[in-house]
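As structure tokens, one chain now follows by itself in the form predicted alone.
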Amino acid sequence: MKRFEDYLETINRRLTQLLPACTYDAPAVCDAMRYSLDGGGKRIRPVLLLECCRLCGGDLDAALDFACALEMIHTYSLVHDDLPCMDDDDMRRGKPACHIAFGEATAVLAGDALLTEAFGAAANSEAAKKTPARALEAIALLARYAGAEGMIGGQTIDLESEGKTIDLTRLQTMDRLKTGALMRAACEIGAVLAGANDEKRTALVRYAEALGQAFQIVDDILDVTGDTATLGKPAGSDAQQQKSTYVSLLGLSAAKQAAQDCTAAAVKSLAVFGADAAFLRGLADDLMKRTS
């Protein structure tokens, strides 16, 4: 989609501008940050933020640094997720994981720095200057969904569940936090920065929740059906780490149906926006059909 490509170009250009230029004698951490952030990610979360802001009549230029902040947080989470003390993955996005390329200690620091820079980008954004009350609410949401009540909480459940069989309710809770929280952050922050009314904000939250669940189910499916070269990360790692997934609990066929059902729910939630939500509907469909 052309709009997606336009968003991608804008986001990548601004991310390059926002990354700090290390002028002291230890630039390794900045090199590791750039290496991870330039790793060819899909940029789904910042694209969602910008599109939801647009859909609600907001200022995309003012929201751009929030979109980049969200991508920094997502990237830091991947850097830390790959560490030996977490999932212990050697590959990410088709190249050596940050801790393989730069060492474990530098990878930890690079992740910490990306998280810190993210909040600096949000606090110094055009949105913070033009609509400070909205920006403050958006920063609070960013912290909430990235923290123990969101992504970090989900990662904690994930670690505690390794080698165990958990039930579907527990799995859904984990994925709602670990995967879904930053998608909800993207859609809800986009709505907040645009000053959306409660009806539209609620619709976008429901879209994000269903989309996040569908996204994780497809991830679980691809871990079984995909290959390492296509995925850009080790295939079959869930089974190797003895993780409960939608495939292990439901079976492959039922997992595919669940992904379709969640995608349909995401699309349905956008009714209030009419034809103007065509991009988000198409994105949900594309993410369900993705191969990596």
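Numbers follow the displayed sequence, beginning with 1. Since this is a predicted model, take the numbers as computed values, not measurements.
This protein has a second form, the form predicted in complex with a small molecule, left out of what is shown; the following refers to that one.
A.B. asks: Using the partner position in the model of the complex, report whether Ala101 sits within 4.5 Å of the small molecule, counting heavy atoms only.
C.D. replies: Residue-level check for Ala101: no, no contact with the small molecule.
A.B. asks: Check whether Asp219 has any heavy atom within 4.5 Å of a heavy atom of the small molecule in the model of the complex, and answer yes or no.
C.D. replies: Yes - in the model of the complex, heavy atoms of Asp219 and the small molecule come within 4.5 Å of each other.
A.B. asks: In the model of the complex, does Thr179 come within 4.5 Å of the small molecule, counting heavy atoms only?
C.D. replies: Residue-level check for Thr179: yes, a contact with the small molecule.
A.B. asks: Does the 4.5 Å heavy atom contact test between Ile139 and the small molecule in the model of the complex come out positive?
C.D. replies: The answer is no: Ile139 has no heavy atom within 4.5 Å of the small molecule.
A.B. asks: Does every residue of Phe4, Glu188 and Tyr207 put a non-hydrogen atom within 4.5 angstroms of the small molecule in the model of the complex?
C.D. replies: No, none of Phe4, Glu188 and Tyr207 comes within 4.5 Å of the small molecule in the model of the complex.
A.B. asks: Counting any heavy atom within 4.5 Å as contact, can you tell me which stretch out of 263 to 271, 38 to 46, 248 to 256, 51 to 59 lines the small molecule in the model of the complex?
C.D. replies: Every other range fails; the passing one is 38 to 46.
A.B. asks: Name the residue from Met91, Leu78, Ile166, Val108 that puts a heavy atom within 4.5 Å of the small molecule in the model of the complex.
C.D. replies: Spelling it out, the residue with a heavy atom inside the cut-off is Leu78.
A.B. asks: Sort through Ile152, Ala128, Ala113, Ala143 and report the residue having a heavy atom within 4.5 Å of the small molecule in the model of the complex.
C.D. replies: Only one option qualifies, and that one is Ile152.
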